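The chain that follows stands alone, in the form predicted alone, written as C-alpha coordinates.
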Amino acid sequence: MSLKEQLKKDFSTFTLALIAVAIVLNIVIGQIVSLLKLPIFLDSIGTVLVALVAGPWAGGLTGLLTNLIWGLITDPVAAAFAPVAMIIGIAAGLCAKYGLFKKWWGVIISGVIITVALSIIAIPIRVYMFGGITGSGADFITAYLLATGKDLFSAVIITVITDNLLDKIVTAFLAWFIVKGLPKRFISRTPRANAVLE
(Lines give C-alpha, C1' and ligand atoms only; values in the text may rest on other atoms or scores of the structure.)
Protein backbone atom coordinates (compact mmCIF):
# COMPACT_ATOMS: atom_id res chain seq x y z
CA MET A 1 0.00 0.00 0.00
CA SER A 2 1.40 3.41 -0.96
CA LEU A 3 1.89 6.19 1.58
CA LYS A 4 -0.95 8.17 0.03
CA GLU A 5 -3.35 5.21 0.29
CA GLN A 6 -2.27 4.50 3.87
CA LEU A 7 -2.81 8.13 4.90
CA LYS A 8 -6.23 8.14 3.25
CA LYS A 9 -7.13 5.00 5.18
CA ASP A 10 -5.69 6.36 8.46
CA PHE A 11 -7.51 9.70 8.15
CA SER A 12 -11.02 8.43 7.49
CA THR A 13 -14.05 10.45 8.59
CA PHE A 14 -14.30 8.15 11.61
CA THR A 15 -10.67 8.87 12.54
CA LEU A 16 -11.17 12.63 12.20
CA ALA A 17 -14.16 12.42 14.57
CA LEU A 18 -12.06 10.34 16.98
CA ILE A 19 -9.28 12.97 16.83
CA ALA A 20 -11.78 15.68 17.81
CA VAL A 21 -12.99 13.65 20.81
CA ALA A 22 -9.38 12.87 21.82
CA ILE A 23 -8.44 16.57 21.72
CA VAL A 24 -11.28 17.40 24.11
CA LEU A 25 -10.28 14.48 26.37
CA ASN A 26 -6.65 15.66 26.44
CA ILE A 27 -7.54 19.26 27.27
CA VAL A 28 -10.12 18.45 29.95
CA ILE A 29 -7.90 15.95 31.78
CA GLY A 30 -4.81 18.13 31.32
CA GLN A 31 -6.61 21.19 32.66
CA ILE A 32 -7.83 19.32 35.74
CA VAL A 33 -4.34 17.99 36.46
CA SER A 34 -2.84 21.45 35.88
CA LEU A 35 -5.30 23.10 38.27
CA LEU A 36 -4.49 20.50 40.92
CA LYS A 37 -0.74 21.05 40.33
CA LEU A 38 -0.11 17.31 40.27
CA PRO A 39 3.43 16.17 39.34
CA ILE A 40 2.03 14.18 36.41
CA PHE A 41 0.35 15.36 33.20
CA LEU A 42 -2.11 12.75 31.83
CA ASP A 43 -2.83 15.20 28.99
CA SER A 44 -1.96 12.81 26.19
CA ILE A 45 -4.31 9.87 26.81
CA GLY A 46 -6.37 10.84 23.77
CA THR A 47 -3.23 11.29 21.67
CA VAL A 48 -1.95 7.80 22.50
CA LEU A 49 -5.42 6.33 22.01
CA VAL A 50 -5.66 7.75 18.48
CA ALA A 51 -2.09 6.64 17.74
CA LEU A 52 -2.96 3.07 18.73
CA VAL A 53 -6.03 2.76 16.53
CA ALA A 54 -5.21 5.13 13.64
CA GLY A 55 -1.43 5.19 13.38
CA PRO A 56 1.48 7.51 14.15
CA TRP A 57 0.50 10.39 11.87
CA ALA A 58 -3.04 10.60 13.24
CA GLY A 59 -1.60 10.41 16.77
CA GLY A 60 0.93 13.11 15.98
CA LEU A 61 -1.76 15.38 14.54
CA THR A 62 -3.92 14.82 17.62
CA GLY A 63 -1.10 15.86 19.94
CA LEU A 64 -0.14 18.88 17.84
CA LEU A 65 -3.71 20.18 17.55
CA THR A 66 -4.42 19.53 21.24
CA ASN A 67 -1.62 21.77 22.40
CA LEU A 68 -2.21 24.49 19.81
CA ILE A 69 -5.92 24.67 20.67
CA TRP A 70 -5.25 24.45 24.40
CA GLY A 71 -2.69 27.25 24.03
CA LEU A 72 -5.24 29.46 22.30
CA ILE A 73 -8.02 28.75 24.79
CA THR A 74 -6.41 28.88 28.23
CA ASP A 75 -2.74 28.02 28.51
CA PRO A 76 -0.11 29.62 26.22
CA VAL A 77 2.55 27.33 27.74
CA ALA A 78 0.75 24.32 26.19
CA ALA A 79 1.23 25.77 22.69
CA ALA A 80 4.99 25.92 23.20
CA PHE A 81 4.96 22.18 23.86
CA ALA A 82 2.95 21.34 20.70
CA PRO A 83 6.00 19.70 19.04
CA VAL A 84 6.41 17.51 22.15
CA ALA A 85 2.75 16.44 22.00
CA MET A 86 3.19 15.61 18.32
CA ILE A 87 6.23 13.43 19.07
CA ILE A 88 4.24 11.59 21.75
CA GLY A 89 1.60 10.60 19.17
CA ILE A 90 4.15 9.60 16.54
CA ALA A 91 6.22 7.54 19.01
CA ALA A 92 3.12 5.79 20.41
CA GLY A 93 1.88 4.98 16.91
CA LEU A 94 5.25 3.55 15.90
CA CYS A 95 5.41 1.46 19.08
CA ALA A 96 1.96 0.07 18.25
CA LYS A 97 2.93 -0.54 14.62
CA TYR A 98 5.85 -2.69 15.75
CA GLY A 99 3.73 -4.72 18.17
CA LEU A 100 4.72 -3.22 21.51
CA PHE A 101 1.10 -2.70 22.55
CA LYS A 102 0.19 -6.39 22.26
CA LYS A 103 1.38 -7.34 25.78
CA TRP A 104 1.54 -5.49 29.11
CA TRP A 105 5.34 -5.51 29.19
CA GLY A 106 5.41 -3.95 25.73
CA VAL A 107 3.21 -1.14 27.03
CA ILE A 108 5.86 -0.38 29.68
CA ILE A 109 8.61 -0.41 27.04
CA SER A 110 6.45 1.91 24.90
CA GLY A 111 6.13 4.33 27.81
CA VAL A 112 9.93 4.40 28.12
CA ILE A 113 10.40 4.92 24.35
CA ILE A 114 7.82 7.72 24.29
CA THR A 115 9.58 9.38 27.24
CA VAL A 116 12.98 9.27 25.55
CA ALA A 117 11.54 10.63 22.29
CA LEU A 118 9.70 13.53 23.91
CA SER A 119 12.63 14.41 26.18
CA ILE A 120 14.78 15.28 23.18
CA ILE A 121 12.28 18.00 22.26
CA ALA A 122 10.94 18.99 25.71
CA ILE A 123 14.23 19.64 27.52
CA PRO A 124 15.43 22.48 25.26
CA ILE A 125 11.95 24.07 25.25
CA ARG A 126 11.73 23.93 29.04
CA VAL A 127 15.26 25.27 29.56
CA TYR A 128 15.57 27.93 26.86
CA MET A 129 11.98 29.18 26.60
CA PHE A 130 10.93 28.95 30.24
CA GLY A 131 14.11 28.85 32.32
CA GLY A 132 13.06 25.44 33.65
CA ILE A 133 9.79 26.65 35.21
CA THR A 134 6.53 26.14 33.30
CA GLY A 135 3.89 26.38 36.03
CA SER A 136 3.26 22.63 36.22
CA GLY A 137 3.47 20.38 39.25
CA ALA A 138 6.83 19.14 37.96
CA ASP A 139 8.32 22.54 38.85
CA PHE A 140 8.59 21.32 42.45
CA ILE A 141 11.05 18.65 41.34
CA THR A 142 13.10 21.21 39.39
CA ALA A 143 13.09 23.64 42.33
CA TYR A 144 14.20 20.90 44.73
CA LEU A 145 17.05 19.84 42.44
CA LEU A 146 18.18 23.45 42.00
CA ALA A 147 18.13 23.87 45.78
CA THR A 148 20.39 20.82 46.16
CA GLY A 149 22.98 22.42 43.89
CA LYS A 150 22.18 20.95 40.47
CA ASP A 151 22.61 23.27 37.50
CA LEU A 152 19.47 24.23 35.55
CA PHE A 153 20.08 21.92 32.58
CA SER A 154 20.71 18.86 34.80
CA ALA A 155 17.71 19.67 36.97
CA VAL A 156 15.44 19.94 33.92
CA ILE A 157 16.78 16.71 32.39
CA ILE A 158 16.09 14.80 35.62
CA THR A 159 12.66 16.43 36.01
CA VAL A 160 11.53 15.79 32.44
CA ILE A 161 12.69 12.18 32.35
CA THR A 162 11.47 11.12 35.81
CA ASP A 163 8.17 12.99 35.62
CA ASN A 164 7.38 11.87 32.08
CA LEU A 165 8.47 8.28 32.63
CA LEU A 166 5.73 7.71 35.19
CA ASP A 167 3.24 9.80 33.23
CA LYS A 168 3.79 8.10 29.87
CA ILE A 169 3.71 4.57 31.29
CA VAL A 170 0.42 5.37 33.07
CA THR A 171 -0.91 7.10 29.93
CA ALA A 172 0.09 4.16 27.72
CA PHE A 173 -1.66 1.70 30.04
CA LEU A 174 -4.83 3.81 30.23
CA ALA A 175 -5.02 4.15 26.43
CA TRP A 176 -4.30 0.42 26.01
CA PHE A 177 -7.04 -0.52 28.48
CA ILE A 178 -9.50 1.78 26.71
CA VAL A 179 -8.76 0.21 23.32
CA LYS A 180 -8.98 -3.30 24.77
CA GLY A 181 -12.32 -2.42 26.36
CA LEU A 182 -13.95 -0.93 23.27
CA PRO A 183 -16.70 -2.96 21.59
CA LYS A 184 -15.50 -4.99 18.59
CA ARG A 185 -18.05 -3.27 16.34
CA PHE A 186 -16.51 0.10 17.21
CA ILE A 187 -12.89 -0.98 17.05
CA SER A 188 -13.34 -2.66 13.66
CA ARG A 189 -13.95 0.79 12.15
CA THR A 190 -10.44 1.97 13.10
CA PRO A 191 -7.64 1.42 10.59
CA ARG A 192 -4.92 0.07 12.88
CA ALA A 193 -6.57 -1.52 15.91
CA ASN A 194 -5.00 -4.86 14.95
CA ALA A 195 -1.70 -3.37 16.17
CA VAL A 196 -3.13 -3.56 19.70
CA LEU A 197 -5.58 -6.44 19.62
CA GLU A 198 -4.31 -10.01 19.55
Partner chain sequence: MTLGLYTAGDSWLHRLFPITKLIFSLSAIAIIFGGPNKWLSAILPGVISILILWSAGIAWRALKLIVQLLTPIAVILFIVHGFFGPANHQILMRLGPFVLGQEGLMYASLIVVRLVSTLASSLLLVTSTHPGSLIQALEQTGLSRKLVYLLGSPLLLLPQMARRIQTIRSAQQSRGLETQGNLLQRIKALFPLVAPLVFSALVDVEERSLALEVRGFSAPTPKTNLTEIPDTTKQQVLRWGMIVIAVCFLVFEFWRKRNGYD
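Everything numeric in this text was worked out from a predicted model, so none of it was measured. Rigid core (definition): largest C-alpha set, two forms, superposition within 1.5 Å. Numbering follows the first chain given and starts at 1.
We do not show the form predicted together with the partner chain, though everything after this point is about it.
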>> Please determine whether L61 contacts the partner chain in the model of the complex, using a 4.5 Å cut-off between heavy atoms.
In response: yes
> Is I121 close enough to the partner chain in the model of the complex to count, meaning some heavy atom within 4.5 Å?
Replying inline: no
> Looking in the model of the complex, any heavy atom of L152 within 4.5 Å of the partner chain?
Replying inline: yes
> Taking heavy atoms only, is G71 within 4.5 angstroms of the partner chain in the model of the complex?
Replying inline: yes
> Though the partner is not shown here, which residues of 35 to 71 have a heavy atom within 4.5 Å of the partner chain in the model of the complex?
Replying inline: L35, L36, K37, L38, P39, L42, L49, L61, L65, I69, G71
> Under a superposition restricted to the rigid core, does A138 display a Cα displacement of 2 angstroms or more between the shown form and the other one?
Replying inline: yes
